[in-house]
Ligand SMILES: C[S@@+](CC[C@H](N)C(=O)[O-])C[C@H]1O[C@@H](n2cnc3c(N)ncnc32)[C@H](O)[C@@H]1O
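Below, in structure tokens: the form predicted on its own, a single chain.
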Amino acid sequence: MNSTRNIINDKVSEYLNSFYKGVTEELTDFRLKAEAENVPIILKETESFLNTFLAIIKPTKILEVGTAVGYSASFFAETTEALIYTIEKDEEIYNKAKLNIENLGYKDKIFNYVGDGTEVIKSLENEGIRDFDLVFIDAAKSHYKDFLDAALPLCSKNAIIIADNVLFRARVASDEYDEKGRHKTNIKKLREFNEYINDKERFNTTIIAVGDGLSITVLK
């Protein structure tokens, strides 16, 4: 049991990924480079699901918490007509993402911000930037609930919130997968987040075993 554990059967994942095709040659090259350098980006299964899901919901304004090197924001820019506002805490990675996005020609659709996710979201609210119909959370696992709570006032009616890695290599489902007890805080916080978004009074949520676990939440 290692850090690259698949949350579903490996053979099933291999079969599903046999259908994967990058949406552009440039994004395919971007993915290959990131994977070769062990840079964390959305998994192929996650991208395949999102590609279909985005075609259904057709978002017009996306808030992303966790830019990393800019792959997912670039994917959103390519597959939707939406404007993307994306936040990265690490300044060095933020600069890399900004360069990648510019090189891919998406700078007119993607607006990059650097800083703490919760604080930047509040600054967007102060600037009057709101009405997001899709929020994508893929940043520090222990702060998912904070990011969601900060983003709620900026969401449009019936907005959709997607959070990645909510099963965290199966560790969230069972402590047995955290063999050395190194991830207790993240596991605890993710379990609390999953409980929170399954509050039926406020949200309509499903968690699916795609990629590393995706939660899909619709505001009530």
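For every residue, the number given is its place in the sequence shown, counted from 1. Computed from a prediction, not measured in an experiment: that's the story for all the values here.
Not pictured, yet referred to below: the form predicted together with this ligand.
Contact check for Glu102: every heavy atom lies farther than 4.5 Å from this ligand in the predicted complex. Contact between Val65 and this ligand in the predicted complex is found at the 4.5 Å heavy atom cutoff. Interface membership of Asn112, defined by any non-hydrogen atom within 4.5 Å of this ligand in the predicted complex, is ruled out.
In the predicted complex, this ligand sits within 4.5 Å of a heavy atom belonging to Asp116. Among Ile41, Leu190, Ile161, Ala151, the residue placing a heavy atom within 4.5 Å of this ligand in the predicted complex is Ile41.
The stretch among 166-174, 181-189, 33-41, 51-59 whose residues place heavy atoms within 4.5 Å of this ligand in the predicted complex is 33-41.
In the predicted complex, Gly115, Asp116, Gly117, Phe136, Asp138, Ala139, Ala140, Phe147 are the residues of 115-153 with at least one heavy atom within 4.5 Å of this ligand, listed from first to last.
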